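A single chain comes next, written as structure tokens; it is the form predicted on its own.
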Amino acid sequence: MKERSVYKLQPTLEEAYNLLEEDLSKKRFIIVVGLCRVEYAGRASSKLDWGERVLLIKQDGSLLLHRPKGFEAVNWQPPGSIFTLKQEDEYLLIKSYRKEYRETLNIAFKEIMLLASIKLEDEAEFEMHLSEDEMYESITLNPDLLEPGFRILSQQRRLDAGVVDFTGYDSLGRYTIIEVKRKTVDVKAVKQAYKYLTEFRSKGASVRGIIAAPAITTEASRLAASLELEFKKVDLSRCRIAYKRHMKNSLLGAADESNHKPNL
């Protein structure tokens, strides 16, 4: 049986290069701890001088670089990034590149304290404790959760094909229907939303169709694109915060109203 994890303490730069080359080709989860310098160029630019940091390269091609303090990454690249390695004099150079946006992140390691890699398996679906009704309520109160500038015209509108969650106008004044899902959108959900879109268009209406949810499967995403349906990612944590804020304000309002009632 092949080892699922590999690690090396205080590897030489040559050893680190060979290990990283294999790990990247096999799309393993990589952890590098060491002394590095960072340069970023793209939609903006930044430089970070020498310091001891933790580099994470995930199996989907995303990258996170952390400093010893703070929970946010100081530099990051999203999934699908392209990586190249180069050993130059006394440095090991790791380059992460995003072709679409011409973004480049160059990390030069002078010393590596730990290099570890592992092939992780995780197919569990993340589910935040927020009911569908609470999600609808938070979106009704704050339509920007769907899309900035969106104005809701109706909620739970009945059609021949079923019930569409929201209708309204986007920031450009385009009539839009939105199907909201609390869980990951699958092919069945896309077909359901397409029925609503087709019904509106059969009446001669110019309509934009959106499916809003925390995530969407690859197959569903391809089908949605072919049917001219857009996917909008909904942040459940923002929905939860908006809902809790609304409930808090409602309770404070009720308490204030009670305090101002005259005593009989």
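Model, not experiment: these values are computed from the prediction. Sequential numbering from 1, following the sequence displayed.
The next section is about a form of this same protein that is not shown, the form predicted in complex with the DNA.
Only one of the listed residues (I118, V74, L85, L159) places a non-hydrogen atom within 4.5 angstroms of the DNA in the predicted complex, and that residue is V74.
Taking L153, V187, L114, L141 one by one, only a single residue has any non-hydrogen atom within 4.5 Å of the DNA in the predicted complex, and it is V187.
If you check the DNA in the predicted complex, you find a heavy atom from every one of R43, P78 and E103 within 4.5 Å. Contact between T218 and the DNA in the predicted complex is found at the 4.5 Å heavy atom cutoff. The DNA in the predicted complex comes within 4.5 Å of no heavy atom belonging to E147.
When contacts are judged by a 4.5 Å heavy atom cut-off, K95 does not count as touching the DNA in the predicted complex. Contact check for K183: a heavy atom falls within 4.5 Å of the DNA in the predicted complex. Stretch-level contact analysis of 23-31, 206-214, 64-72, 230-238 against the DNA in the predicted complex, using heavy atoms and a 4.5 Å limit, identifies 64-72.
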